[in-house]
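Only one chain is given next, in structure tokens, and it is the form predicted alone.
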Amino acid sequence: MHISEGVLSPVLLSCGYVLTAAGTYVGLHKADYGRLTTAAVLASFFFVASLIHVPLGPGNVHLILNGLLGLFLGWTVFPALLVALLLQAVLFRYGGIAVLGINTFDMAFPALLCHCLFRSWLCKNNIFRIAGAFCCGALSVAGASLCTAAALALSNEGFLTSAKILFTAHIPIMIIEGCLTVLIVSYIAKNRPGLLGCAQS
């Protein structure tokens, strides 16, 4: 779901950098530095999954896994995704430096919202855990799609159709990521329940 260089207006690019800088500052301030390995592993999952993508107009369709990162990292999802997207822009020219701020915000902000809404569900019964994991995985992608579509539509009315197509094309990805997040969370709950951090919730 990378927005390409030269697509957005300077105002939106500036807003993206300001919002991402704020989120990254808070994320670094709130980060649990004893769990840096977890953050690095999850960021690498995002990095690899989003390398395989299909171009679609000014954006791309691919697995994102931002919901999984948001679920476990909270505010730290901002610096984690920022680093991953920066490496993709530098190494593979996906997205770009100019759109790094807005691309990071589009993926991190919905993931953070879902963390706030569904993180506590992981520490309830199994039904809540499954529902919370699915909602976080699916709705984070939905939110990222909406943010990206909104950025395209606000930048240029000519991108309105592309924005609608971009969101519609990600509906199957929402379902896939919801199910994938359920599988990962269920595996962790069964084999490494301590990683859920329920004792501290």
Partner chain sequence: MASGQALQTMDPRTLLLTAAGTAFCFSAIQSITISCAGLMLAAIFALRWTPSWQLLLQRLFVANFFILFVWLTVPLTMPGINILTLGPLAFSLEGITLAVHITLKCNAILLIYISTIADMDLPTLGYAMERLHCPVKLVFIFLFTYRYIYDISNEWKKLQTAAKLRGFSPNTSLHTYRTIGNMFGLTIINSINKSHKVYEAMLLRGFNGHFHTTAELKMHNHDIFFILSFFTVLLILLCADLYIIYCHD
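Numbering follows the first chain given and starts at 1. Predicted model, so just to flag it, every value in this text is computed and none were measured. The term rigid core refers to the most C-alpha atoms you can superpose between the two forms while keeping them within 1.5 Å.
In what follows, reference is made to the form predicted together with its partner chain, a form of this protein that is not presented.
- Its partner chain in the model of the complex comes within 4.5 Å of a heavy atom belonging to L152.
- In the model of the complex, at least one heavy atom of L42 sits within 4.5 Å of a heavy atom of its partner chain.
- Using a 4.5 angstroms threshold between heavy atoms, L183 counts as touching its partner chain in the model of the complex.
- Among residues of the shown chain, G6 is one whose heavy atoms approach its partner chain to within 4.5 Å in the model of the complex.
- Fitting the two forms on the rigid core leaves the C-alpha of T168 displaced by under 2 angstroms between the shown form and the other one.
- In the core-superposed comparison between the shown form and the other one, L28 has its Cα shifted by less than 2 Å.
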